[in-house]
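One chain is shown next in structure tokens, namely the form predicted alone.
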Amino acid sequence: MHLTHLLARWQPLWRPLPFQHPVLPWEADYPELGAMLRSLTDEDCARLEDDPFTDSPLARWLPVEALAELVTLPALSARNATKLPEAWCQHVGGRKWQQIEAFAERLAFIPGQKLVEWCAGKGHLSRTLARLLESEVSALEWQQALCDQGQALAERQGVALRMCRQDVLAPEVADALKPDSHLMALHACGDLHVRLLELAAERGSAVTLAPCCYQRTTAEHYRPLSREGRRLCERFGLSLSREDLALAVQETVTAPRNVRLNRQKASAWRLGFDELQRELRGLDAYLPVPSLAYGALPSSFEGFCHWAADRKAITLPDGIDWARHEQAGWRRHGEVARLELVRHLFRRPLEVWLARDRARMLEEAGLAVELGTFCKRSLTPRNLMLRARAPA
């Protein structure tokens, strides 16, 4: 209840996107907070991006200590604490393999259950568990090419895996599930994992789930899954749009230096173009520009502006001072990074709130539920895990 109250109480501060506003709406009421953020050094900004709750100067205005306490969850106990053979990680990336190891250790499997992986990709998790538990696993995946590749890998390795091409949002998926099914998913997105939870609640199936990408949903506004979540949102006035949900998954593991530098350049150039388009259009309003695939960033700021202008049907006149606008973009990039620290403070609380809503939905269906972490944040910030089963 307290977490719902804090998210609702402070939503005027964490909802606005700093890159859209030269001056944020809340700065009129909290001018000293805005001034403090803008005065932070690069080192302090980087430290608070990495750890928003420790020695935070935002505590003068915001409930840092209370939020830190509310997002502290237990590390779930390992149920299958067996070191997996290194040979099993063949064809799997290093970080992904470590996540699979951590997930597999904490799967609350009971002999006789029928394991079903949701949104399985090539079935890396399923193959691992089929070997570890010496049990056949069914892996549901929508893309036929991934099913074929996963089945080929399983046959090559002599693993009892059955890859099934299946749209998990289609009605017939329910026919494959029984009360003795154990549904599992490592980072299933949005509506996909919601459908898993709905079926588990309906059928009484066991669940082991690491949710992800809550914003990948067809609904423009979030409707809490649990009755308690809906009641609390109504009581405290918490309203979440699809765009708000994206905040919960913004944190990423530190990327290689060249990737980080490329991201920073892309951000600065977008902000430089934003200042330019406001000036050219005579309209002080943010104009969304499409995303660019990784590695597709033009070689110069001028080239990026021509690319962006073409997509927004803006004519660029001769004589633009490209250096001035690029410098403005970099200046705004630093400012935005500092102002984003307010949102970063509420990033994990929102993610925990969404996970608790999912846990409460299963509890309301009569399942016994555990919510905690399955690995360290340095391995993946999406380290929350739900474990649910029928009561003993």
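Everything numeric in this text was worked out from a predicted model, so none of it was measured. Don't overthink the numbering: it's just position in the shown sequence, from 1.
Only in words, not in the display: the form predicted together with a small molecule, which the text now covers.
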Interface segment, criterion being heavy atoms within 4.5 Å of the small molecule in the predicted complex, picked from 128-136, 228-236, 308-316, 166-174: 166-174
query: For Q143, is any heavy atom within 4.5 Å of the small molecule in the predicted complex, or not?
result: yes
message: Please tell me whether any heavy atom belonging to R270 falls inside 4.5 Å of a heavy atom of the small molecule, as the geometry stands in the predicted complex.
response: no
query: Hey, in the predicted complex, does A120 get a heavy atom within 4.5 angstroms of the small molecule?
result: yes
query: in the predicted complex, does L245 have a heavy atom within 4.5 Å of the small molecule?
result: no
message: Quick check on this chain: which one of R79, K265, K96, R278 has a heavy atom within 4.5 Å of the small molecule in the predicted complex?
response: K96
task: Let me know the one among L186, A104, A206, L196 whose heavy atoms come within 4.5 Å of the small molecule in the predicted complex, would you?
output: L186
